[in-house]
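The chain below stands alone and is given as structure tokens, in the form predicted on its own.
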């Protein structure tokens, strides 16, 4: 028997990058991932890929910062599959600028996707998890949940905030057998990170190679990027937990960039 036989997981931002890897891995172990993404075409394509490998999956359109859309998508999952066992709140964006002239609209946009999105998807799933007396909620944090980098004020703020949210849910959810944890990756070569390399090179006046070596990977133990597979390992560890023993925790997956 596989770890996730018959389990249903909503994975936000799962049409690409880390979210897509998590969905594929969950399906490979018998679970049914729901690919929730702003881009429905890409989400459908990701679900089709999983089905072509013999797994099960389906896609829903979801802007995680839109209350109505989140509630509708979660309702669609319930009417189709009857339950939600796991929520992986993974959708995110990055905007890189110095704090002194960071546009308020960009600040609000980033916080709304990372924090409002985590709150809205959690709240929508919780009533079903509580009714079933089972749930595993995993937030996608970052090494920036633990420390700061220049040019990333709202991102660092939001990622720190997810740890607070997970701790509250860990306490509130315990009596309903719902756990909440945060996975905190280092730099992973996804489109989100690839986009940052030239941006940071421009802002800092250095080459792209220097951004990778002296900014992104400087504090790792081996100069390596974290892989989507590494991150999925950690997410699935929390998703498979059999009890409340591991809850309210954050696990850093970063080649030693940040050590607790």
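Positions refer to the first chain, counted from 1. Quick caveat, the model's predicted, so the values are computed rather than measured.
If you look for the form predicted in complex with ligand NAD, you will not find it shown, but the lines that follow are about it.
>> residue 16 versus ligand NAD, in the predicted bound form: is there a non-hydrogen atom within 4.5 Å?
In response: Heavy-atom contact with ligand NAD at 4.5 Å: present for residue 16.
> Contact between residue 90 and ligand NAD in the predicted bound form at 4.5 Å, heavy atoms?
Replying inline: Residue 90: yes, in contact with ligand NAD in the predicted bound form.
> Just to confirm, residue 142 within 4.5 Å of ligand NAD in the predicted bound form by heavy atoms?
Replying inline: Contact check for residue 142: yes, within 4.5 Å of ligand NAD in the predicted bound form.
>> Would you classify residue 155 as touching ligand NAD in the predicted bound form, given a 4.5 Å non-hydrogen atom cut-off?
In response: Yes, contact at 4.5 Å.
> If contact means any heavy atom within 4.5 Å, which of 205-213, 51-59, 23-31, 191-199 contacts ligand NAD in the predicted bound form?
Replying inline: Result for this chain: 191-199.
> Looking at 178, 125, 113, 73, which is the one with a non-hydrogen atom within 4.5 Å of ligand NAD in the predicted bound form?
Replying inline: It is 113 that has a heavy atom within 4.5 Å of the partner.
> Which listed residue (44, 227, 220, 63) meets the criterion of a heavy atom within 4.5 Å of ligand NAD in the predicted bound form?
Replying inline: Residue within 4.5 Å of the partner: 63.
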